[in-house]
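Here you get one chain, nothing else, as structure tokens; it is the form predicted alone.
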Amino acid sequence: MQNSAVLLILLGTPLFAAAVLAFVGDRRFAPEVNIAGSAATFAAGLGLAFEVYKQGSMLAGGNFFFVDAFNVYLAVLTSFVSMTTAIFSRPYMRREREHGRVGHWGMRFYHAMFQLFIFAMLLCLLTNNIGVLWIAMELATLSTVLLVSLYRTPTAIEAAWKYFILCGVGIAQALFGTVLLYFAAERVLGEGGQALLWTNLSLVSDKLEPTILSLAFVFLMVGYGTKVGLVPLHNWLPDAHSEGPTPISAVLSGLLLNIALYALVRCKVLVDGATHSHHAGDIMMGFGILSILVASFSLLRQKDIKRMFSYSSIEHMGIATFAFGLGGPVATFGALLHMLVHSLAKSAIFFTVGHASQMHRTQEMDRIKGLFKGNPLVGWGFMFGAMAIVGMPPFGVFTSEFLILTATMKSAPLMTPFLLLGLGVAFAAIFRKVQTMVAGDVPEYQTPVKAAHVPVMLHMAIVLAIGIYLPDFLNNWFHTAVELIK
């Protein structure tokens, strides 16, 4: 009963906050309501994680919800990043409002859709039903499509349409994969909702028809892989990041991509159990390494700062996808850790990028200069974020990439040169661009902004701390999750 109550609070809070903000989203206190709702969601997420830590995996709501070490860790991460993003968006969106980029209805729409987006992602993670997972993923897509087009400029509307069309086609492929999965499951579990539950499917995965499961995974990989941003299904992502509000870029890169990858990993576990082969893992490794290479070389020719870091997100999700596909305790542990540190580091980068773009009134990297002198906290936050995301020690991204690299050298040595090439090119591309933006004199057109420094410092402190020392409870948590999905 207690678990159901915590789950109800976790899912109900953002939904209630969305309803409230739909009416008061442009009042002076609306950002504070947004922050309070996100903070309450985070507190509920911590409470649910504590219950799982004490009791282990559990069912709630008449088997409709399923919580284990894997999805509850992502639920806590999602609620935490949404809270810090809400804090960042308070000064950022107020400045956008003052400069006329967003109007009265736009602010109400932004705050309400932000909370609805958080609800959709949490529902994706916590539902025990693969059909509801698909519906929640579609809800997350629709809410972010509307947010990407918030500024109502021709390029923003074009980006939103591209996002909608590509992800709509992708989610249709995922639906067909889900139907095939149900088709295989009903032969074992019978007709009805019981054949759609993760927990039931996991128990009978070795009895499912391997040919149907293999075919289903191809459709699921294409469908959910589009949402992850894997090459060649990635074209929506750079446009959506560059044209939408920066807080939405932060949650898209830091959270939504993780949710889609979570769905893929759950499906991979079922396919592995049915086929007793590495078929699903090989597909994920192929998509992952291709994404790493294409995104890394694409970084070299970017001129828009948000587009550059969107390609960085594609690269890092490729790394995590490759690691999950590789499998084994070390690679899976590294992938889980990578999802965590990438979310924190990338969202922190987008926070600083948003302020830098407002200071210079542009997203063109050639016109962003002198951040160290113009606003030292923004400049150093941006620099440390870039150092973290390229995998420099002692940040946590270095630890996760090192684990994945060593696992690759042992289990798939032929892939090691390609992985190293992608990491090296991305390192050089990002540092080459960042150095010119943080150094030099302050240009005349740079204007001061009221920046939200706390979210950046908090994220970077956590990423740095994890790189230096992984706490025992987090280490044990990841080991528990590894046993569930390796």
Partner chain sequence: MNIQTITQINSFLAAFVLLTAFGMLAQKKINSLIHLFTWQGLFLSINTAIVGYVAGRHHLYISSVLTLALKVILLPYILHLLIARLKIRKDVETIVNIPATMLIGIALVIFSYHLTAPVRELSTFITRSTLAIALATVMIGLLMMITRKHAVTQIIGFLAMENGLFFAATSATYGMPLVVELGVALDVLIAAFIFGMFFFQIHTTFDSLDVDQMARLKEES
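Positions refer to the first chain, counted from 1. Fair warning: this is a prediction, and the values are worked out from it, not measured in the lab.
The same protein has a further form, the form predicted in complex with its partner chain, not shown here; the description that follows concerns it.
Point to revise | One stretch from 142-150, 373-381, 354-362, 393-401 that, in the predicted complex, holds residues within 4.5 Å of its partner chain by heavy atom | key: Selected range: 142-150.
Check your understanding: Does Glu138 make contact with its partner chain in the predicted complex, using a 4.5 Å heavy atom cut-off?
Key -> Yes.
**Study point:** its partner chain contact in the predicted complex: Ala172, any heavy atom under 4.5 Å
**Key:** It does: once its partner chain is placed as it appears in the predicted complex, Ala172 has a heavy atom within 4.5 Å of it.
Check your understanding: Would Ile157 count as touching its partner chain in the predicted complex under a 4.5 Å heavy atom rule?
Key -> Taking the distances in the predicted complex, the answer for Ile157 is yes, it comes within 4.5 Å of its partner chain.
Check your understanding: Should Glu186 be counted as a contact of its partner chain in the predicted complex, where contact means heavy atoms within 4.5 Å?
Key -> Contact check for Glu186: yes, within 4.5 Å of its partner chain in the predicted complex.
Check your understanding: If you check in the predicted complex, do Trp134, Thr178 and Arg301 all have a non-hydrogen atom within 4.5 Å of its partner chain?
Key -> Yes, because Trp134, Thr178 and Arg301 each have a heavy atom that approaches its partner chain to within 4.5 Å in the predicted complex.
Practice item. Go through Lys369, His279, Lys162, Arg266 and name the one with a heavy atom inside 4.5 Å of its partner chain in the predicted complex. Key: Selected option: Lys162.
Practice item. Have a look at Phe217, Tyr224, Tyr311, Phe117 for me and say which one sits with a heavy atom within 4.5 Å of its partner chain in the predicted complex. Key: Of Phe217, Tyr224, Tyr311, Phe117, the residue with a heavy atom within 4.5 Å of its partner chain in the predicted complex is Tyr311.
Check your understanding: Using a 4.5 Å cut-off on heavy atoms, what residues in 186-205 are near its partner chain in the predicted complex?
Key -> Going through 186-205 in order - heavy atoms within 4.5 Å of its partner chain in the predicted complex - the hits are Glu186, Arg187, Glu191, Gly192, Gly193, Leu196.
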